[in-house]
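Starting off, we have a lone chain in the form predicted on its own, written out as structure tokens.
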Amino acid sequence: MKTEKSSISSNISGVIAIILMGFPVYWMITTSLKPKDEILTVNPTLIPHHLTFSNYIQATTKDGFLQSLWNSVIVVFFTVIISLAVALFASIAVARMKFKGKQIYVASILLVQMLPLTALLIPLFLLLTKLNLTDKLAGVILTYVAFVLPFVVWTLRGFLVNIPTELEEAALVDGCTKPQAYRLVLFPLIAPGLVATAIFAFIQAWNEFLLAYILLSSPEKATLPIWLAGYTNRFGTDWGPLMAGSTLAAIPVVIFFSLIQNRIATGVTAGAVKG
């Protein structure tokens, strides 16, 4: 009886959580399908009375849409690839090797995550200005990698710690070199963890606005979040095209998540089970 009541309460809590998290997405999509007079009415409706795709046409034909989309793709691609490549070697070193200051290094990874972004904006801007990397996508990519890397290293370390070292030792006994043991044994086992952390890096880089807004000044270098901010000016906010553009910006994340969702579930569970 208690188990049944617990199951019912868990289901109700799950439904409430889904509604709370899903309603903003639903409101964004429905607003993008409403005409302007229906959006600005004092009595908003949950379901559009007159469906229109004019907001999507206006968003996709606005200057800079395709360029900002391409810029975001470039930034996200290199951020994910670089952060995963660096974090893989760093996490192997932390999880498998012994060196002085190891505990301090692990603790510093968490401390870096605690630093507020706003406190670092001015130092970052001054540093990138000296390096001549402001208003360049390369500067944004390096900054994103710096902020994403600590979390990725910490997460991959958790996966590696739970992989028995006996598997690598067996590979060495069979004649493999250390790099071969990592490539043939360790890497396939940590692949789900790489996928799970890739989605985090992808979402962080794709949706980030503040850093890109500070570091990029040219319209042709703008990423998608900066382009979306152009719908808000001193005359107000053009909600219809803004919601349409936001919906379009969310589609790549949904597609990426759908393609690797099985790997994400495998990676999350693998990190919690010891071999």
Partner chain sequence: MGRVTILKGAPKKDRVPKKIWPYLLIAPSLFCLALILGFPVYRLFTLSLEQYGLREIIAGKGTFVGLANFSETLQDPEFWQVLRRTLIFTFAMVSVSIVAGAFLAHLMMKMHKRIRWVLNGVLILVWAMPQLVSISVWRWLFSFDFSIVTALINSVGIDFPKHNYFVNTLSGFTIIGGSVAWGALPFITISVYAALTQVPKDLLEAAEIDGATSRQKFRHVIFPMLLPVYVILISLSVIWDFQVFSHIWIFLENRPGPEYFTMAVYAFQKSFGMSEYGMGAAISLIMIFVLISVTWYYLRQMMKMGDE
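Given the structure is predicted, the values throughout are model-derived calculations rather than measurements. Heads up, when I say rigid core I mean the largest set of C-alphas that superpose within 1.5 Å between the two forms. Residue numbers count along the first chain shown, from 1.
In what follows, reference is made to the form predicted together with the partner chain, a form of this protein that is not presented.
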property: 4.5 Å heavy atom contact, residue 53 and the partner chain in the predicted bound form; result: no
property: Proximity of residue 143 to the partner chain in the predicted bound form, heavy atoms at 4.5 Å; result: yes
property: Exercise: residue 173 in contact with the partner chain in the predicted bound form, heavy atom 4.5 Å; result: no
property: 4.5 Å heavy atom contact, residue 31 to the partner chain in the predicted bound form; result: yes
property: 4.5 Å heavy atom contact with the partner chain in the predicted bound form for all of 57, 191 and 222; result: no
property: Stretch in contact in the predicted bound form with the partner chain, which is absent here, among 163-171, 69-77, 183-191, 93-101 (heavy atoms within 4.5 Å); result: 93-101
property: Residues within 4.5 Å of the partner chain in the predicted bound form, restricted to 178-207 and counted by heavy atom; result: 179, 199, 200, 203, 207
property: Residue 253 C-alpha relocation of at least 2 Å between this form and the one not shown, rigid core basis; result: no
property: Flag for residue 25, CA shift 2 Å or larger between this form and the one not shown after aligning core; result: no
